[in-house]
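Only one chain is included here, represented as C-alpha cells and corresponding to the form predicted on its own.
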C-alpha cells in the first residue's frame, strides 16, 4: 500500500479528514483534525512510514493560531558567503568550524545572547550514543561528537568532565509489564545488561556490568530494590552555555560576525536560490544559508520556500538541588523502566560540574513554542519517577526548576541535508537530544555539505583554535586570589555569596566579546544567582553593576530579553506619585 493511502486510511478510521501526498520523499498532510493532540498523533504515524524523509503537517484543528510574519527592513546591513540562522550550540559550533576557512560568515540570533534556547535548558550531559536508536543519524553523530569534546575543551577552555553514568535496573524495571515478577527480574538482571553491552561493543563505547553489591557499596543512597547496573565511564558533563559562549568568542576571533537581537522574518529567493536573508534590522546578502533555528527551523525553512518538515515541540522539566546534596550520589545515573517511552531516554539523576543534582527531564508534547513553564504536576511526576531510583532524596533540597523545548520533527531524527528545491539552503533541523553531544560532528557534516554544494573552501593559515576563558575566582588558590585583588580590587568584592562570584568577574562578563547586559547573561557566564538563594541577595547588586558599566538606566535592565524588565522606576518617585493622586 502506498504511504499516502496508508496514512489516509489511518485517519479515516478515526473520523479525521486528511489528505496526504508525497513529493521527493516529503509527506504533506492537509485537512482537519479535532485538536492538537490528533495533529501530533497523525504526524508521528506519518513519520514512521518507510522512505518518508520528512513530514510537513498543515492540518487545521480547533484553536490553531495563525501566525503573522513580522515586517523586515529594506536597507542592506551585511553580505556573507554563509549566513547561519540560530545562536545555539549547533549554530555556534558551525560558525566556529567554518571560521577555519577563508569565508565571510554572519551568524544571526534573535535573542540578546547566544545559548538562549534549548542550549541553556538541557541537563548538560555529553551522551555517548548508547541511548539512541541504532542506525539513526542522531546516534552516528552523537558517537562521533562525544569523542571530540576532550580536545575542544582544551582548545576553548570550557569545563568538561567524564564523570560516568550508572544505568540501573531494579525490581521495578518490569513492574508495568504483563509478566510475572520473577521473569521480569530475571530479564532485568541477566538479559538487558548483556543487550546493552552488545550495543556498546558495536558502537565502540566502553561499558561494563556492575553487580548489586558493588553498586550499593559505591552508591549507598540508590534504592535497595536495585538488581544490577551497567556503568558507562566515558559519559560526560559540560556547561552547555559556557561551551556555546566559548565557540562564539573563538568564532569572532577568527572573523565571524555575530548579530544578536536580529530576527529573521523573511527571505528573498530567485531561481531556486536564497539571495537575501531579511531581518528586523535589515537585509543580508547571502551565497549560502544554514538553518540552525532550533524550535523555529520549520518556520525559517518556510520563508526560504524550502519547508520539508514540521517541528512539534516537546517540553522537558528539570529540578535542581542545592550543592549541599552533591555528595548524595557519586555519578550520574538513570533507571531503566519498561515498556520504554518512544523517543525518550528517561532522564536521570545527573550531576552537574558544580555538584548540583538534577532530576529530569520529563517529556511532554506542547503546542506553544514559548512554553517553558513548570507546573506542580510536572514536579510531582519527577519525584514519583525518580523515587524508584533515589527513594530518600530530600525534597527540601530543591532550589530551582526549569524547562526546555526539544525541536522534534515527526521523523524523530536529525535532518541535516541540502534543501531539495533551494540549492543554497542547508537544513540543520530536528536537533533534540543528543544535540549537545553531537554538535561538533554536526558542524563537520555541514562543512561537507557546503563543499558538495560548490562553495570554494580554502583553509586559513592563521586560524587560531584557542580561546582563554575569564578568570573564576572561587577556583583559584589563596595566593592566586591575592594577586588578582592586587591587580584589581574588584576581584576581592563578593557580589554573589552563594557561588562566590566577585564584582571583577561580573565586569569581565559585561565587557566580553559577547557582552552580557542582562541578569541571565551574567548568570550564565559567572553563576551569580545560581546558588541556594537564587539571586535574592545579589540580583540588585548585579543590576547596578550592569547599569554602571553600560550606561543603561537601572529601570531598563532586563532579566533575559525583551519584556523582562526588572524595575519600573525609583520607589520614592512612585510613592510621591501615589500621594499626589
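Note that the structure is a prediction, hence the values are computed from the model and not measured. Residue numbers count along the first chain shown, from 1.
If you look for the form predicted together with a small molecule, you will not find it shown, but the lines that follow are about it.
Contact with the small molecule in the predicted bound form, defined as any heavy atom within 4.5 Å, is confined among 106-114, 450-458, 385-393, 199-207 to 106-114. Taking non-hydrogen atoms only, residue 404 approaches the small molecule to within 4.5 angstroms in the predicted bound form. When the small molecule is considered in the predicted bound form, residue 156 lies well away from it, no heavy atom lying within 4.5 Å. Residue contact with the small molecule in the predicted bound form: residue 316 places a heavy atom within 4.5 Å of it.
By the criterion of a heavy atom within 4.5 Å, residue 127 is counted among the residues contacting the small molecule in the predicted bound form.
Contact here is defined as any heavy atom lying within 4.5 Å of the small molecule in the predicted bound form, and by that definition not a single one of 145, 365 and 443 is a contact residue. A heavy atom within 4.5 Å of the small molecule in the predicted bound form is found for one listed residue only; from 99, 262, 170, 352, this is 262.
Of the listed positions (437, 83, 248, 408), a single one reaches within 4.5 angstroms of the small molecule by any non-hydrogen atom in the predicted bound form, namely 437.
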